[in-house]
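We begin with a single chain expressed as structure tokens, specifically the form predicted alone.
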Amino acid sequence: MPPFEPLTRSDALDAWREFLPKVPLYASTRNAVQPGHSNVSRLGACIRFRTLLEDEVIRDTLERHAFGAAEKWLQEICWRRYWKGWLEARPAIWTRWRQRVRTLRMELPAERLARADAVAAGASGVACMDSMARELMETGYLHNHARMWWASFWIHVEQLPWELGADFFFRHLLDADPASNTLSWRWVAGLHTPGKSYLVRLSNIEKYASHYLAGDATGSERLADGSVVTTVPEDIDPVAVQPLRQAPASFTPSSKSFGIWLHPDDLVPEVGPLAGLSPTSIAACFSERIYRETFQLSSRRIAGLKVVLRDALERASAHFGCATLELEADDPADALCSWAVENKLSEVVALAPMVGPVHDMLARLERLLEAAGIRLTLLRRPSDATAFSFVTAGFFPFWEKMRRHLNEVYI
């Protein structure tokens, strides 16, 4: 079965051109969960991997539509950057989540773990929720409204650890983003904004997604309005805010012998700060073992990661006119260092990875390259740096700053 969401840049651009005229309708239609999901863009995966850039979407939107008519759509595009900026300043949230997933899998009572596995398998006994779980596993996609309902069901109805529910989504969603996924689950749980959590309501599903109930409403009484109560998990040691790691927006090679490293956090090297460079070699590294064993990603998720990396390498080869290399290795840092040494590179340049799986191996890669006398330079897109500087509180204070900024830049 082909991916439900476009992954390659060519497919993403085609899907975006098709959706662009619908943008003014987005605010009034986005909450409806329709079969086929033609009322939403389904661009989450390509934006997550940046085979389509937020900057491109925002530019095209404001060239075609008035700001007021497109504001809800623009907010949705900027949510991902808000979450990324929040997690960049609080990387311990990601680290603790990964640790908790491992700990819970080892220490949760057997009957609770069995129940978590049953709910994730679409065997909870609440038919509409089970349908959503199966849809996610079968397609790698779930409408955002359905994601919130299902997460709320897991946390507040089943009273299961949010960390394991977030892990289920992370393993299956094609657009699973470390920041958006982790922090959205914390928001539903009531941990992101103290005093606010999200409660699933049957009337909401009946209004926006009645097809989930058609023919089988088994167990729906558990979701009846007023019957679901907030179950806020304990938050272990609030995380202190850290200064954002500084990264330049441009790069001047110290020698002609430098390479570009591509990774799944940003896969349009031909647009932005890398575009004008003349590298000796370009490499991307993929560790199926890490994704399959450490993160237990689904086969569909792993296949999607391979698609976006290979697509980026093909485009990079055409744009930069140099050799590209797809590395498969159990130890990506070691493989990338070997590539740099074998190509006699004095420097490796990349767009800075965000907090998440790629970032997890960054310290080791820096050490290996330094030991080999090779410099690692990480760049940040200027629009990311600007957006992240606005992330000081909740989304709507962020949006007020972003709104003013977008009006200054594009209007």
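The numbering used is simple: start at 1 and walk along the sequence shown. All values derive from a computational prediction rather than experimental measurement.
In what follows, reference is made to the form predicted together with a small molecule, a form of this protein that is not presented.
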Quick one: T95, R102 and L164 and the small molecule in the predicted complex, is every residue within 4.5 Å by at least one heavy atom?
no
Heavy atom to heavy atom, is R42 within 4.5 Å of the small molecule in the predicted complex?
yes
Is there any non-hydrogen atom of A176 lying within 4.5 Å of the small molecule in the predicted complex?
yes
Using heavy atoms and a 4.5 Å limit, would one call E76 a contact residue for the small molecule in the predicted complex?
yes
Any chance L262 has a heavy atom within 4.5 Å of the small molecule in the predicted complex?
no
Contact residue in the predicted complex, chosen from S131, S197, S298, N181 - any heavy atom within 4.5 Å of the small molecule:
N181
Considering the small molecule in the predicted complex, which of F258, W83, W154, F168 comes within 4.5 Å of it through any heavy atom?
W83
Have a look at 264-272, 309-317, 182-190, 209-217 and name the one stretch with heavy atoms inside 4.5 Å of the small molecule in the predicted complex.
182-190
